[in-house]
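Read on for two forms of one protein chain; each stands alone as structure tokens, with the labels structure 1 and structure 2.
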Structure 1
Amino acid sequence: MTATIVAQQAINGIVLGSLYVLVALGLTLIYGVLVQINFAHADFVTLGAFAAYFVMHALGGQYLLGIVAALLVGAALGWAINITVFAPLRRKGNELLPLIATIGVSVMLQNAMLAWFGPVPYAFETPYSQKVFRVAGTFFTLQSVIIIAVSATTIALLYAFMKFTFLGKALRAVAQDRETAGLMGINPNTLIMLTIVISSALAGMGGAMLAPVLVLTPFAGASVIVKAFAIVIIGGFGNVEGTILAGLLVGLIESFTTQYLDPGLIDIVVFGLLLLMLAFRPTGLISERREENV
């Protein structure tokens, strides 16, 4: 029985960790390239969740198409806000301005969603949530399988893009030294735009995966974004590999805390780990120099 419980909680933890990784990866990319925190990331997650919800219901339960729609909505939103807000502020040469702007964008998006969708929570049930598999005493839903599959595929594609494509290598060059990359013929503004679009697309897709787990409201993303920030710090600011490991670790910690301690202690345990990391290993799980991140 004990082995079965451990296996069950491990499965639950991996599913939860996969969700956290999708949300945290966008934050990591933004910081790795721009050395900036995007406080509006939570609202990109929420908009992605609403996009998936409405597309799925409009198409008669096509949840997978809802995920694609959430990714596209997130990417389009990132592109639009970068063009209208972030890029003009970056040209002013004050790095604090874009950071402050992300707070303003967050408040604006939250209130816009509150006006559009109202404060009443939406019940987001997918056709896959009720399909349960039982293996050796453990059980999991088809929704959980989709979450793990989509997360693993996304991580693999992102890794391949960053390591093996010209644009990925150029993006890493901009992260290491923006001025030198510009002298080598790389357009930093184009790569920054690409980073924001990818980050926002990941946020939108993360929202589509999280929505069936959370209560969907205009503030749904805010419930996970603080934990996503913690994951980024635990993994190492701007470090993609560290973020993946930290996301899975936090998911497992939450799962086993729920089983063996108390659900009310989850945040205490997770943020206790964060404080320990800051005190004894501030570089995160994977120590890298700043210029080696991303």
Structure 2
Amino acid sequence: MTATIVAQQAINGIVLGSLYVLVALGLTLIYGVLVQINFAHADFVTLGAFAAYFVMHALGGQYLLGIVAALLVGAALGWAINITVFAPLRRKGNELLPLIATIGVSVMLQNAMLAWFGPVPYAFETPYSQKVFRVAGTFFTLQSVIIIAVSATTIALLYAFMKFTFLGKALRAVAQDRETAGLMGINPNTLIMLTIVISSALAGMGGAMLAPVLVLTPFAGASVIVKAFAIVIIGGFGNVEGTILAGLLVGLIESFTTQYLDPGLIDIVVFGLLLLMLAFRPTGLISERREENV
């Protein structure tokens, strides 16, 4: 009995964690090339979720097309925030101003959504949430299988892109040393744009898959993003492997806290861990370079 509960919560935790990974990877990638945080990333998650919801309903239950729509909406938002906020502020060279500006964008988007969609939660039932499998006493839905499959594929593709393609190598070169990469003929502006668009597309897609798990309101993304911040710090900012590990860890912490403690304590446990990491191991789970922010 107890073993089944543990197995069940482990499954739930990994499903949730893989979605957190999608959201957190975007933050980490942007931090890698730009050394900036996009606070509005949260709202890209929410807008992706709403896009998926409306497209799915317009097309009569085509959830997978909804995910694609969310991905495109995320990418478009990433493009927009780069040309309006990050690119103009990069020329000013202040490290805190872009973060503050994106806080403004986030507050604006959240309240625009509140005006538009209202505060009442949307019931996001996908055609796949009803189909339940039973394996050795544990339950999982087709929805969670899709979540795991899509996130694992996306993460693997992203990893392969970063490791093996020229563009991916150029991206890592910019992350390591923007000026030297520029001297080697790599245009950092193009790569920064590309990174923000990819990251925001991940956020939108993550939102499309998170929405059926969470309660879909204009603030859905905000509750996810605070955990995503915790994940990128626990994993080490700019560190892709660390982020994946930390994302799964936070997903597991969440499901086991819900089971054995109290759902109200999730944020306290996650952020307690965050503060402990900051105090004792600020470079993250997997140590790397990047001592300058510590």
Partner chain sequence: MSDAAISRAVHPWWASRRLGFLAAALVIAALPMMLTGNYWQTNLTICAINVLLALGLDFILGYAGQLNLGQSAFYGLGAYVSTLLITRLGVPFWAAFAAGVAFAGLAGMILATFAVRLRGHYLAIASLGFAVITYQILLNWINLTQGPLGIYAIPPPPAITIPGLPAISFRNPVALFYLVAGVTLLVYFILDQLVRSPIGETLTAIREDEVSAASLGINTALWKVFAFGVGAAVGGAAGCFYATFVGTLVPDAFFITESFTILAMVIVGGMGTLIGPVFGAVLLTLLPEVLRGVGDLRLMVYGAVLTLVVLFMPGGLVQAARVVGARLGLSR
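The term rigid core refers to the most C-alpha atoms you can superpose between the two forms while keeping them within 1.5 Å. Counting starts at 1 with the first residue of structure 1 and goes up one by one along its sequence. All figures in this text were calculated on a predicted structure; none of them were measured in a lab.
The form predicted together with its partner chain corresponds to structure 2, not structure 1. Once both forms are fitted on their core, a CA shift of 2 Å or more is seen for V120 between structures 1 and 2. The two forms, fitted on the rigid core, differ between structures 1 and 2 by 2 Å or more at the CA of A101. Shown in the overlay between structures 1 and 2, fitted on the rigid core, is a CA shift at S144 smaller than 2 Å. Core superposition places the Cα of N111 3.3 Å apart between structures 1 and 2.
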